[in-house]
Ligand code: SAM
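First, one chain by itself: the form predicted alone, in structure tokens.
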């Protein structure tokens, strides 16, 4: 598998626009389209053009990853949060959200089950639980202890998806063995960010990801569509992801949540998400791009894989009481969101799970090339 460090950013138009069909046919080989083309595809998704777009995205995925996909186990360890995000079920003031904190024993049991099932990574996810963020010195101590335990007990890579962490906490997460730090911006429109992440700092959230990369962790950046963003906003975010040097990029469709300020917003079509996945694949051919089960469950997995995704996320073991962010019950207790449950869909897409060694090798190569890139940039300065 090729894991090029460079990202082919969606390029600006410099000449008159050729036909969209011809552009998309070339995108299957050279990995770039214009911003204008990307916006047109998002705004006016003609089926014939989308067919070419998705084919180009799959071709880029095949060039870099063959027919292999990675699988992420999902452990939502706390649904308490100190924030007031207008889109989130677990916002601080929502009395309709089910709250829990999983014990280390409960987390370990679920992590072992996921490891036995064949996942490549354990994604530890939580709101910014006030009990985790006691102070900068001791903040996130329960999460750090959990990262250490899971790394030791399962041997699997770990992603920490626990909100915005201070520099001292990032140091401790890296030292504990966290390979990934996930902290989604949701949007790179400042105005929309303020509406979605009420009372939070756009700049501080960006800086936390830059700091995590400097400490040797890989970074996942994420966007949300269907929240009032424009197509230009989405394309702008792709550029911002490139500037960050994100290692995994994702987009998820907003699902209205009861008890939140956005509860009455009409649900958005997942087609916009699939187009965005394809545009990301063409812009970042060698990166990891998830197809989340947390929006449409099994019913939407094939669409996202056909759009160029190469990671299946939000695999959840049944019988563990682990809610998901958007769809807390969808396909979980029936065993649909397991490695075994998604196997028929992978086969239908001509895909198969990678080995754990292939995933570890991707991580190691990505970290190596990232460090090399940063050293070269430092010498150039």
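Numbering follows the first chain given and starts at 1. Just so you know, these numbers come straight off a predicted model, no measurement behind them.
From this point on, the text means the form predicted together with this ligand, which you will not see here.
Visitor: Non-hydrogen atoms within 4.5 angstroms of this ligand in the predicted complex: do 54, 274 and 310 all have one?
Guide: Checked in the predicted complex: no contact with this ligand for any of the three.
Visitor: Given a 4.5 Å cut-off on heavy atoms, tell me which of 298 to 306, 139 to 147, 234 to 242, 161 to 169 is the interface stretch with this ligand in the predicted complex.
Guide: Only one stretch qualifies here: 161 to 169.
Visitor: So which of 125, 189, 270, 154 gets a non-hydrogen atom within 4.5 Å of this ligand in the predicted complex?
Guide: When this ligand is considered in the predicted complex, the option within 4.5 Å is 125.
Visitor: Is residue 120 near this ligand? Define near as a heavy atom within 4.5 Å, in the predicted complex.
Guide: No - in the predicted complex, heavy atoms of residue 120 and this ligand never come within 4.5 Å of each other.
Visitor: Just checking whether residue 107 would be counted as a contact of this ligand in the predicted complex - the rule being heavy atoms within 4.5 angstroms.
Guide: Outside the cut-off, so no.
Visitor: Decide whether residue 224 counts as a contact residue for this ligand in the predicted complex under a heavy atom distance cut-off of 4.5 Å.
Guide: Yes.
Visitor: Heavy atoms within 4.5 Å of this ligand in the predicted complex: does residue 283 have any?
Guide: Judged by the heavy-atom cut-off of 4.5 Å, residue 283 is well away from this ligand in the predicted complex.
Visitor: May I ask you to list the residues of 221 to 255 that have any heavy atom within 4.5 angstroms of this ligand in the predicted complex, in sequence order?
Guide: Counting only heavy atoms within 4.5 Å of this ligand in the predicted complex, the contacting residues of 221 to 255 are 224, 252, 253, 254, 255.
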